[in-house]
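Listed next as structure tokens is one chain, alone, in the form predicted on its own.
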Amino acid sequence: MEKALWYLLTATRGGENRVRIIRTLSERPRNANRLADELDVGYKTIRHHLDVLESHGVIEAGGDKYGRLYFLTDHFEQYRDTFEEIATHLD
């Protein structure tokens, strides 16, 4: 997970948006529409980042497809300190 976080947040385009998504989901679960509105990012862009984060085990989805909520995974929470360290380099 540590290597995946460094890759997802620093080595690819969209790292800053992924940090913002993770920080927002840290407050409480949200669906893609809500994330797009709150972060002022296009829905398709949010969907792309959610798919990438989900494929790397950072987030998981719950609920039906239309109103699907996204949560941070328990596995990610074990690496929260790494996430915070990486995020400070991006601030």
Partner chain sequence: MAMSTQILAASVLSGVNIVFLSALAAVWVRNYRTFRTSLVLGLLAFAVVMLVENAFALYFFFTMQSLYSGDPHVQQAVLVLRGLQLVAVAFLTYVTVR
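In this text, all values refer to a predicted model and were calculated from it rather than measured experimentally. Numbering follows the first chain given and starts at 1.
The same protein also exists as the form predicted in complex with the partner chain; that form is not shown, yet it is the one meant from here on.
Site residues 10, 13 and 89 are all in contact with the partner chain in the predicted complex, judged by any heavy atom within 4.5 Å. With a 4.5 Å cutoff on heavy atoms, residue 52 counts as touching the partner chain in the predicted complex.
At the 4.5 Å threshold, heavy atoms of residue 19 reach the partner chain in the predicted complex. Of the heavy atoms in residue 30, none are within 4.5 Å of the partner chain in the predicted complex. With a 4.5 Å cutoff on heavy atoms, residue 48 counts as touching the partner chain in the predicted complex.
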